[in-house]
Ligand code: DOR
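Consider the single chain below, provided in structure tokens and representing the form predicted alone.
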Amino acid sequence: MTNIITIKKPTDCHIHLRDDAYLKRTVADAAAQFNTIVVMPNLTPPIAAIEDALSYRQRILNAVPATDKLNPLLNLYLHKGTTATLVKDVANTPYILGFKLYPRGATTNSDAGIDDISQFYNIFAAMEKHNVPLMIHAEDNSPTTDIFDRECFFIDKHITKLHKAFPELKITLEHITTKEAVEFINESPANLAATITAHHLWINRNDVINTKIKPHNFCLPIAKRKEHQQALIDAATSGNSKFFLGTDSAPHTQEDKETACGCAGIYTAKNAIELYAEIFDNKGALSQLEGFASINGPHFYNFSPANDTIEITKRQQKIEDKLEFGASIVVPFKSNEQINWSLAS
């Protein structure tokens, strides 16, 4: 029985740090277990210009604890003001990886997102030309689309057409939640990939809405049926290099989560790699964890995996019930519950 594993320090290819007072906590939690992080741009206002992204990156670096190191990579927010010239400039700017596409109104801080993907085909042509990746929140934003069908509908309606029009464009479907998304990536060429969160490996829709509503398990995309959860587990642990770690960890205060109209988002950054390790252990696939967590994402985006390593041990720990974020409280995923793996340190 494996009780301790050593892997290259992981890369989180999809994380939300927020800004200002939140950075002290979110950056410290990320730096404890990740070497590189791909930071999402949906702040208020969104990070849509190169100078804003580099300024944000410096604020992140300023928040890294003295005992740690961290390499933040930024995405720019795709919006109506994005130009082909900006795409070319991004291709030549260190520390900016690509662009994030949010359908307008599909998730947190997506009001500046896009309604009609076809209007951005000139931008996608520039991205394909300059080898700039496109990361997509792949959910249909129509109010008439069933919330459990939004991902499949978006893939059928938009992604297949987009890939056909720009076959060399590097596309990442972020935080996939369905077996259909898994099948689509499996059947696609090497320039299409997907991130998978820890929480979507742990929960299905019964953990969100059952005899009671559990607001701290509500996220977008929402968790689906158990069969979809199992498809995600199978994909993550398969060894297929087109699937890699992206926590989608996002801090929302207890007050905001527990209101009559609670917001979407789950905070896993404090214990992310341990949460993944338990899933891989349960599947008998610990040998695949390093590829999923530390190698596949960097290789897809053409940067080097970490030289540093971390140790994860099969030692039970109890997740904290609440985390302090300045004057606010965030309830982490699996709050006050036991999990079976811990960082060795």
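Remember, predicted model here, so these are calculated numbers, not experimental data. Heads up: residue numbers just count along the shown sequence, starting at 1.
The following text describes the form predicted in complex with the named molecule, which does not appear among the structures shown.
Not one of Glu151, Lys179 and Ile196 comes within 4.5 Å of the named molecule in the predicted bound form, counting any heavy atom. The closest heavy atom approach of Asn296 to the named molecule in the predicted bound form falls outside 4.5 Å. With a 4.5 Å cutoff on heavy atoms, Lys224 does not count as touching the named molecule in the predicted bound form; it lies far away.
Under a 4.5 angstroms non-hydrogen atom cutoff, the named molecule in the predicted bound form has Gly265 among its neighbouring residues. Taking non-hydrogen atoms only, His228 never approaches the named molecule to within 4.5 angstroms in the predicted bound form. From the list 214 to 222, 161 to 169, 180 to 188, 89 to 97, the contact stretch for the named molecule in the predicted bound form under a 4.5 Å heavy atom rule is 214 to 222.
Between the options Lys9, Arg25, His16, Lys334, the residue in contact with the named molecule in the predicted bound form by a heavy atom within 4.5 angstroms is His16. Residues are counted as partner-facing when one of their heavy atoms sits within 4.5 Å of the named molecule in the predicted bound form; in 148 to 186 only His175 qualifies.
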